[in-house]
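One chain is shown next in C-alpha cells, namely the form predicted alone.
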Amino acid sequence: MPDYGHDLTFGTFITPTNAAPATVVDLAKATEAAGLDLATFQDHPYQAGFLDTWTLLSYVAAQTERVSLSANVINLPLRPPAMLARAAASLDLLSGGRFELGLGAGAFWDAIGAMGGPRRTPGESITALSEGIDIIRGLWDTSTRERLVVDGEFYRVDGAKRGPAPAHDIQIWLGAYKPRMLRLIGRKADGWLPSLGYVKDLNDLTTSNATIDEAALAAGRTPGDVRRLLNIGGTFSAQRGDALLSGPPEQWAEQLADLTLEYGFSTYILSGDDARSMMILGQEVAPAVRELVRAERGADRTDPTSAVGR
C-alpha cells in the first residue's frame, strides 16, 4: 500500500487500573515528558478493576499541557452518542483542543448487558455506530441553527440543540477489523485504529486498507482522508532479532518506517505501561522514524522513476 503522506505521531496506550490511580496519571505525564504526542486509555465501563475512562481523561487533561488525549476506544453502547458529543466537545474546549474521539461498536455483550446496556448483533452494532457518528457530528456542527433530527434504528434525537462546537475538528477514529466496519471507516471516520497483536498477517493490512480506500472513494472522499493508527507492543533490547518490534531502537525505527511507507500507518501507540519504553520511543525511535520517512518521501518527490514522480 502507498504512504498516505500524513505527519507521523506517536503515543501510549495506558491501562486505567484503579489499584494505583496515581501511577496511571504519572504514565500520562511520562508520555508528555517523553515528547510523545498522544496518551490513550482503554474504555471498559463494566471492568470493576479500571478507573472510569471519561473521568480519567478529564483529570489527565488538567494534569498535562501539551499531549493529546483519547480513549482507545470509547464503548459506545454504554455512552449515549448525544451526551458523548457534548462531553467530547466540552473536554476539547477545556483542554485547548487536545481531545480526539476513538470509538468502538462494542463487544463483551454479556458484560455490557450486566451494566444495563443493550445486547446487539455484529450487524446491529455497526448500524448503531453509524447512527452515533451522525448524531455526534451533527451536534458539533454549529454552522446552522436548525435543530438536529436523527431518526435511527438504535439512536434518535428529535430537535436537539446543536453545540457546543469543539475547539478544533475532533477526529473520530474507529477500532475495526471486519469488512463492514472498514467500509464504515471509509465512509464516515477520520481514522482506522487496529491493534497489531490482532493482525495475523501484514498482508491483511493491505486488504483492509483497500477496503477502506474503496469505501472512501465511493463516498466522495479520498483515501488520505483516513489516518491509519496502530496499537503496538514489543520489547527493546540490545540485540537485533527476527521478530517485529523486538530489538534495539534503530530496528524499531526501521520497522515502523516500513509500516508507514508500505502500509500507510502514521500514528503508533505503544502499550506496556513502562515509562522507560515510553522515553525510548519518544526520544530515540520517533525521531529516527520521522527521518527515515522524510528521506524516502523526499526521494519519491525528486526521483522521476518513482511512483509519485510519474
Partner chain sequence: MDYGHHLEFGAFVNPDSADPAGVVDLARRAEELGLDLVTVQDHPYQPALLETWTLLSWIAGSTDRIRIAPNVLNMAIRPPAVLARAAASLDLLSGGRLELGLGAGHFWDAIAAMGTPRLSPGESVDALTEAIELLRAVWAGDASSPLEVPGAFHALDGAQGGPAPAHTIPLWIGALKPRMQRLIGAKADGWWPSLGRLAPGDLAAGNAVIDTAATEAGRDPREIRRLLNITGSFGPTAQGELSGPPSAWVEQLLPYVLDDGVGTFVYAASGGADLERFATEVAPALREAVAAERHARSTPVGAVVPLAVRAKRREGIDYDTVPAALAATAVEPGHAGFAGVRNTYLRGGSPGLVLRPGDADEVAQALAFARSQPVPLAVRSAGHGISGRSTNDGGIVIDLSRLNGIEVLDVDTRRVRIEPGARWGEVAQALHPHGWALSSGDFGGVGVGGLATAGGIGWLGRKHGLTIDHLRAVEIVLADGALVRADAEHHPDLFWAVRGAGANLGIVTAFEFEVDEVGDVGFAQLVFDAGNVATFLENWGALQEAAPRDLTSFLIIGRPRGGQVVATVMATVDSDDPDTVISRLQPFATLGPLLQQAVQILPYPAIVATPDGGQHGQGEPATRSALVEHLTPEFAAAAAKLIHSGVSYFFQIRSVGGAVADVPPEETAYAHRSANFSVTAFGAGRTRLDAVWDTQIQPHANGLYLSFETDPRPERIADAFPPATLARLREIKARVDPENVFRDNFNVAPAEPGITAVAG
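Residue numbers count along the first chain shown, from 1. What you see is a predicted model; the values in this text were computed from it and never measured.
The next section is about a form of this same protein that is not shown, the form predicted in complex with the partner chain.
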{"property": "The unique member of Gly116, Gly220, Gly123, Gly197 whose heavy atoms fall within 4.5 Å of the partner chain in the model of the complex", "result": "Gly116"}
{"property": "Sole residue of Arg137, Lys178, Arg162, His168 within 4.5 Å of the partner chain in the model of the complex, by heavy atom", "result": "Arg162"}
{"property": "Partner contact for Arg183 in the model of the complex: the partner chain, 4.5 angstroms, heavy atom", "result": "no"}
{"property": "Any non-hydrogen atom of Pro21 within 4.5 angstroms of the partner chain in the model of the complex", "result": "yes"}
{"property": "The partner chain contact at Ala216 in the model of the complex, heavy atom, 4.5 Å", "result": "no"}
{"property": "Contact test in the model of the complex: Asp158 vs the partner chain, heavy atoms, 4.5 Å", "result": "yes"}
{"property": "Stretch in contact, per heavy atom within 4.5 angstroms of the partner chain in the model of the complex, of 239 to 247, 263 to 271, 277 to 285, 54 to 62", "result": "54 to 62"}
{"property": "The partner chain in the model of the complex - contacting residues of 254 to 274, heavy atom within 4.5 Å", "result": "none"}
